[in-house]
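Included below are structure tokens for two forms of one protein chain, each presented in isolation as structure 1 and structure 2.
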Structure 1
């Protein structure tokens, strides 16, 4: 596949003007995929079970409720997380104001000491609560941060997919190259392969389960395999609701301290 992409790129460069159009079209495909994947509805609520399995097969679980509000379609978003399990972090709340272009802002509230604390959030590539997903994997890396190339078409599990290679515009430690397999029928990524600077496959995201939720095709289970560390995290979403009317004021200190019980039960 890699070689194929090289050949394709060379071919496209040779064609010149066509290549520019092509790149723009591919960026448009990635945008559509990004919107379908990370911006479904204007807001969303779901219960999440996160299973982390290490190389010895030992499993750890976290359960939480997540609220999302899109401030702008394809732009800034706000996330609210209420942890239910395990016991040592139960009732802890966590809030992210995600900036599509700049640094995110993150706050944590520790109920046992009534402490609200902003967290330095310079690194979008750091692990989300110890899992194999990074913050960016949870909320999405903006499509404008990478150059995209349509490598070709293929099929995966009987579905027609676009195969798209993305290379960060600015050197990025999260990955040097990513190959996405995007379902043509709904624009959701069925699989993403992340390669390191040395072009080693380091992690693989897979859409494990896709369902129709309130008319919106949704990945209800996805996994991230850390190839290097032989670890895997699977995230299952349930009780998903879109357009539940989450308001902007929920993503403030007031609700960080007192969870919005209409959503957080």
Structure 2
């Protein structure tokens, strides 16, 4: 009987150790995906066209320029977004100081009232300028904020993918769980499905187009479908450049009000 108990204990320890290794390995996969998706190069610049289509098929378009600077690979980042069109949001700017270990800091400058407004951590899941992307979708959610489980392997559009479930470690309004389909060849997410606390599918992100930009495999078009509201937003990136020498001083309140002309023309 003692031998049987000992065998059971050893088996349970082995199972626990295996589960811990699997969790660690899956977290590493999510890290690789996050680095490929959000940390390409040391910095980046791109022009963006955002198309929002409502359930009646009506389309609205917005154009902006986005700058990014990585303070540390896989660590803190800074984002700067300058809107060009339409005229009612022209010169509106949005800035993020992304923290790998704490809450991100976000600000938006509204030129019509000459006001710089901080965006609180509680608002990070709010709609980004009326689109189906949230503020957090723009700069990404750090992989360390969730627990990850490898659900299995599959194929998507003829590509081999990892299927990974992510569940927030702490109470979170954005989603209760997320399923990511990650291309094994380049670690980019081809699709992400977001579920509510009632386990209802609420939105779907899709990589609509992937291209080689300066030797870096890049998602140049992605969409977010709001399943509940039957809406969809697509963002298309062009004039993409990496390692252009974006400087840290640009990500300050001064440039929220007065955009850096060397990048915003």
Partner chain sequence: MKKTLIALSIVAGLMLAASPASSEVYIDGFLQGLYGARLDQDNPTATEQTASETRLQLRAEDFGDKGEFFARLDFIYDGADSADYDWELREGYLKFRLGSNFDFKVGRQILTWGTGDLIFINDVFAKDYRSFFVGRDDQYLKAPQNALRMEYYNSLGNFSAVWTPRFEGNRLPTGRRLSYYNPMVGATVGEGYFFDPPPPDSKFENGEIATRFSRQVGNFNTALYFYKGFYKNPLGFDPVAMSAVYPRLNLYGASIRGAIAGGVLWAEGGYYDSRDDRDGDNPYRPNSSVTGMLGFERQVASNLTVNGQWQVDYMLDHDIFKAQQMPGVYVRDEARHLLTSRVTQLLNSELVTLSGFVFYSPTDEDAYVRLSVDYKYSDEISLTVGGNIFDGGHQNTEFGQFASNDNVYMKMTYGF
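Positions refer to the first chain, counted from 1. Computed from a predicted structure; not experimentally measured. In this text, rigid core is short for the largest set of C-alphas that superpose within 1.5 Å between two forms.
*Asks:* Deciding between structure 1 and structure 2, tell me which is the form predicted in complex with the partner chain.
*Replies:* If we ask which form is the one predicted in complex with the partner chain, the answer is structure 1.
*Asks:* Inspect the rigid-core superposition and answer whether the C-alpha of residue 246 shifts by 2 angstroms or more between the two structures.
*Replies:* No, because once the rigid core is superposed, the C-alpha of residue 246 moves less than 2 Å between the two structures.
*Asks:* Is the shift of residue 175 between the two structures large enough to count as movement, that is, does its C-alpha move by 2 Å or more after the core is superposed?
*Replies:* Comparing the forms between the two structures, which are aligned on their rigid core, residue 175 does not shift its C-alpha by 2 Å or more.
*Asks:* When the two forms are laid on each other by their rigid core, does residue 143 show a Cα shift of 2 Å or more between the two structures?
*Replies:* No, the C-alpha position differs by under 2 Å between the two structures.
*Asks:* Give me the C-alpha shift of residue 92 between the two structures, core superposed, in Å.
*Replies:* Its C-alpha position differs by 2.5 Å.
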